[in-house]
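A single chain, nothing else alongside it, follows as structure tokens in the form predicted on its own.
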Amino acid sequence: MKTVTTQETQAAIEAQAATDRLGSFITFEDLAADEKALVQETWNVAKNAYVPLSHFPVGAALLAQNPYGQTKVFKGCNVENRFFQATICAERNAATTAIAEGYTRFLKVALVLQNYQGPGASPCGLCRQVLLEFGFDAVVLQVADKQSNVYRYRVGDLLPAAGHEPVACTKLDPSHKRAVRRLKQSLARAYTPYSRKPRAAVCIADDENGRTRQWLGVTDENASYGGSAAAECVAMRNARSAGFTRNATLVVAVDSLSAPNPIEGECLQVLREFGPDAKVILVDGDAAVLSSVSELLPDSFGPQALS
């Protein structure tokens, strides 16, 4: 097995962070008739967004199919709440409405951020996770400008697998080897009575004085599934609560190094708040893959879109 240290992958990770936006640029005139209709619907439904907090309207239009082969368009806008966690995004709004009517196969989804069409004007991590559940090969039409031109790609492109070769955990930097040991020691503490899938994570970060610390998290499930907390989110929020938010690296125990979507979209979205250059180390047994939030959550929605 080839020896690769964390430092030796730095250039590759930085190059990944600088990649272009997802998809191919397509003019509105070159879209199919049903795609043009979807794009137009996104603008219309975005006008209904309830956004008293962000003033950031988003619209989504989803073409879905039911088991009988019938198709239907479902629309959604973002609906905010004074309790932030109760907010629902436009894409999930449309998706859950489709599922409620029995349309469980997603074919195409168009979305528009009414006030912003720059880099990162793509679904957030949570929406990516939901779309992936019902339409890995569905087409995404991400509105690129006020002229309704789009970037076109697949839902599966939103949460890709890590692309680097595995390395032996013994070849990692000392601090990362320590994090791996903590992962393995902590898995038994995970509370997973429902999924039966224990998971652990360590967030390594610096504070404003340059001090580095490691913050542990394990999965904490709840009878109300939406009240569950992923190990990665627990670790990262422990770090943030203590003021350690710089030069973040997330070390995670995963089920497979080669599977697509090795980390849930929600967790990657939380990591994105630490910066687009945040690093990820995926650990499976005695092997690890070095990656980054920009690789696992490409063209990610972040604070710059709201500024």
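Note that the coordinates shown come from a computational prediction; the quantities given were computed from them, not determined experimentally. Start at 1 and count along the sequence shown; that's the residue number.
Just so you know, the form predicted in complex with ligand THU exists too; it's not on screen, but the next bit is about it.
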- Message: Tell me which stretch of 189 to 197, 146 to 154, 121 to 129, 212 to 220 has a heavy atom within 4.5 angstroms of ligand THU in the predicted bound form.
- Response: 121 to 129
- Query: Among 54, 27, 258, 66, which has any heavy atom within 4.5 Å of ligand THU in the predicted bound form?
  - Reply: 54
- Task: Answer with one of 228, 71, 87, 97: the residue that has a non-hydrogen atom within 4.5 Å of ligand THU in the predicted bound form.
- Result: 87
- Message: Given that ligand THU is not shown alongside this chain, does residue 91 nevertheless sit within 4.5 Å of it in the predicted bound form, heavy atom to heavy atom?
- Response: yes
- Is there any non-hydrogen atom of residue 142 lying within 4.5 Å of ligand THU in the predicted bound form? no
- Message: Whether residue 58 contacts ligand THU in the predicted bound form should be assessed with a 4.5 Å heavy atom distance threshold; does it?
- Response: yes
- Task: Spell out, yes or no, whether the shortest heavy atom distance between residue 179 and ligand THU in the predicted bound form is within 4.5 Å.
- Result: no
- Counting only heavy atoms, which residues in 95 to 119 are within 4.5 Å of ligand THU in the predicted bound form? 113
